[in-house]
Every structure is written in C-alpha cells, then in structure tokens.
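Take a look at this single chain, the form predicted alone, given in structure tokens.
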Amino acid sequence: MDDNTMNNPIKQQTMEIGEADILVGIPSYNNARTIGHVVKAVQAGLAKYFRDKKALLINSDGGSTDGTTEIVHKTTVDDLATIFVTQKTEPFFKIVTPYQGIPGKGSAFRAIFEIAATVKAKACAVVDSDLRSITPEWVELLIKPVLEGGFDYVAPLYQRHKYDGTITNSIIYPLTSALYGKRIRQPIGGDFGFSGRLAGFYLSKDVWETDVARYGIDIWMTTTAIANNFPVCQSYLGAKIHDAKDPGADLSAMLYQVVSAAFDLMETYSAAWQSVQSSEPVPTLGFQYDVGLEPISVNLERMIDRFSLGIKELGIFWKEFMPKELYGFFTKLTGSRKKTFRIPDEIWVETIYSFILAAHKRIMNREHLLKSLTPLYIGRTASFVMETWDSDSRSVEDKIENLRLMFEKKKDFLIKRWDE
C-alpha cells in the first residue's frame, strides 16, 4: 500500500480496530444537510441485520467546510429499541478521514478501498452522502449477497421516473450490456456492495492518477468487475430520491464524464467485449415493489431548439466521421415539426458507435468530439419523451430493452470497424 495515501492518525485507528467483517463507506463533500440521515440509516442497518458482525463506517471527505464531518462524528442511533434491536453483540466503529490525491469521487473511494484492505473486511458497501431515501434495508441488500450469496459485486436497482436517468437509459445501460454481456440496469447508480477481495483488486489497478479518480468511478467499478469475471448481481432498493434534473437541462459535463469513462474502458477491455456475442440477465435480489416518484419537468421546445442549433454549429465536425446516410438523416431532421421529430433506435445506436470509433481512431480532439455528442443526446431524449409521453413504466422499460437489443444487433458494425 502506498504510504502517502493514508495518514498516520488513520493508520493508528485502523490498527486499534484490527480486523472487521463489514465496512460501509460514505464519500462526501459539503453534505451537512443530508449526511446525518445516511449515517443513521447505515448504523441502524448494521445493528438490525448484522448484529453479530464487527462493522466499520468510513466517511471519506473531500474537504467539506459546512460541518459535514462534525455531523458524522456526532450522529448515532442511541436507542436501538426503536428499530427492534435489543443489543448489538459486536462493536460498531466510525472513522472520518480526508482523502488524499486528485479531488474527486474516485479518490474518496480509493481511501475506502485502502481501509477495507487494512482491516481485511469481508464485505463492503458505498452509499452516496446526499440520499434522502436510504433505509436500513439498503445495508442488508448491498452486503448480504456478498456475505452469504457468493457475489463479489452488487449493483443497485432503483425504480426511477421514466425521464430520470436518461444518460443511463439511452447510452450506458444498453451499451454496457451489449459490450460485456451482463444486464446491470444501473451501472452508474452510485450505491454498491462488493467483497473485500474485489476491493483489493480495485486498489491494485493503476488508475488513481487518471480521470477515474476525478469522475467515472461508478462505471469503472461495474465494468472492471464484469470484465474480470467477478460474480455480479443487483439488489432492488426502491426509489433513489435525489435532486433530479430536467433531462433537457445542461447535462453536458456529466454526459462527457460518463461517456469518456465508458469509452476509455472499451480500450482497456477490448479483447473482453469483442468476444461477447449476447447479453444475459444478472441475478436480481430483493422484493420489488412500486413506489411514488417525484415528478420531472421537461421542456421539449428547448430540447429540440438545442438539437437544431447543434446541427448548425457542429455538423461540420460530425461530417468527418459519420456515415453519409446518418449525417444526412440529422440534417433533414432539423426541419421537422415537433409532432414528427423522431430519432429511431437504429439511428441512435449507429450514432453512438460512430462516436466510439471516432474516439478510438483519434479522428479529432477527444474532448471536442465527446462534448459535441450533447445536442444529439438531447435530440434523442426529446424523441424518447414524445414517444413515451402517455406510456406507463412497464411500457417505457420495454422500450429501453428494445434499444438494448438494437445495440446488440448492431455490435458487428462496431467490431468490424474497430481495427480498420
């Protein structure tokens, strides 16, 4: 282990704790408003479902100035009887530590992985610090499959509004499934369970001075687990209540970060994904139930305007690498009326694969290339909204599955051109 990444007081604390069965990490940065609830839910979950296990909570903080770490220190569930627990037979420990290295969520996770390796944790989980919907049951659902089910990686499965998670629904889920052959529905969900063995494997990877340390840690964890044949599953957690955004709002930074990380992983694991011919579902654990979801507002006019402006301003870039028929489709679409504005699945899949190939072959500046995807993504999202306006959640999910099938069907388009 690199001595520069864990300071001496934290080393001393981990030595005093010794080994632990379970570790739960909470990365944070200025989350004073919500982190107290998260800490209570985690402690309650550990007391209720793992009372005979020695457990450790790690808050890996990025330099909060709003009192986040102080809240973690003082927050506790004092009366376990309120959650029908008479006593916890094994102790519960808490460590609050600033993480070292490049500012970002990945560096926060690295600190959690290091402490997990030091205390030889058997099962671990990480949960977001701004969750409003976390319950003690989340801890059981993320940890138990590792402790008792033989899984090394547990992805979250949430019920989400049909217009929430559009980057996941239109790109990351269907692409990841088609590439690596495992249908993990929320590969960038943010809340994960994993084994101590997998934590050690993550820690051994030479990525901590790259963009993985800044962003992209979620898709990196998911893809690394699948591509290296660790047993994976997903657990149903219900709703993830967070500050949802209008899918037509400015998501360009997030889109760039997630897509960039996914494309980088394709380079790392090109041999793995080129040998995959189809996808299969992964085991899904937990009782699935319907939950009330917060509404999401959508401004279709603005989305279509942004798409049309993108065509005018960026079309010259796309012409460099897009098949002529594909480029022609988009230029004609700018004149469409709202009622007839549609980007079919086949067109969208060829678009994503064309961007992947352009990035792989370094046809132009990578950042400019990937950021130019934004208006096309917004146009596709507008098309999706119009097609599903009156659809229920089941019908919307069927449509997303059809898109996944199209990514699989068109995968040869990508493979044949990869080494040209």
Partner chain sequence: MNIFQRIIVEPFEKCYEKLLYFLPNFFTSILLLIAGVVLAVIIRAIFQKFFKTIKLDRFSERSGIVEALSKSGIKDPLSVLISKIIEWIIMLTFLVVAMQNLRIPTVEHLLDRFFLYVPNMFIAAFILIIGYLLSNFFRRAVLIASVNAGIKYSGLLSKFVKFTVFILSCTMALEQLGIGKDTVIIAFAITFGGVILALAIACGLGGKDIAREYLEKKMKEDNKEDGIGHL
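Just so we're clear, the structure is a prediction, and the values are computed from it rather than from any experiment. Numbering follows the first chain given and starts at 1.
There is another form of the same protein, the form predicted in complex with its partner chain; it is not shown, and what comes next is about it.
message: Quick check for you: of 66-74, 48-56, 24-32, 355-363, which stretch puts a non-hydrogen atom within 4.5 Å of its partner chain in the model of the complex?
response: Heavy-atom contact with the partner occurs in 355-363.
- request: Indicate whether the candidate residues 7, 60 and 111 are all in contact with its partner chain in the model of the complex, with contact defined as any heavy atom within 4.5 Å.
  value: Answer is no for this spot.
task: Could you confirm whether residue 372 comes within 4.5 Å of its partner chain in the model of the complex, counting heavy atoms only?
output: Answer yes; at least one heavy atom of residue 372 falls within 4.5 Å of its partner chain in the model of the complex.
query: Taking 4.5 angstroms as the cut-off for heavy atoms, does residue 141 touch its partner chain in the model of the complex?
result: Because no heavy atom of residue 141 falls inside 4.5 Å of its partner chain in the model of the complex, the answer is no.
- prompt: Quick one: is residue 107 in contact with its partner chain in the model of the complex, heavy atoms, 4.5 Å cut-off?
  reply: Close contact is absent here: in the model of the complex, residue 107 is far from its partner chain, nothing within 4.5 Å, heavy atoms only.
field: Touches its partner chain in the model of the complex: residue 381 (any heavy atom, 4.5 Å)
entry: Yes, residue 381 lies within 4.5 Å of its partner chain in the model of the complex.
- request: Note which of 118, 260, 274, 299 lies within 4.5 Å of its partner chain in the model of the complex, where distance is taken over heavy atoms; exactly one does.
  value: That would be 299.
- request: Identify which of 102, 347, 147, 314 has a heavy atom within 4.5 Å of its partner chain in the model of the complex; exactly one of them does.
  value: Selected residue: 314.
- request: Determine the residues of 150-177 with a heavy atom within 4.5 Å of its partner chain in the model of the complex and present them in sequence order; the list may be empty.
  value: Heavy-atom contacts to its partner chain in the model of the complex: 160, 163, 164, 165, 166, 167, 168.
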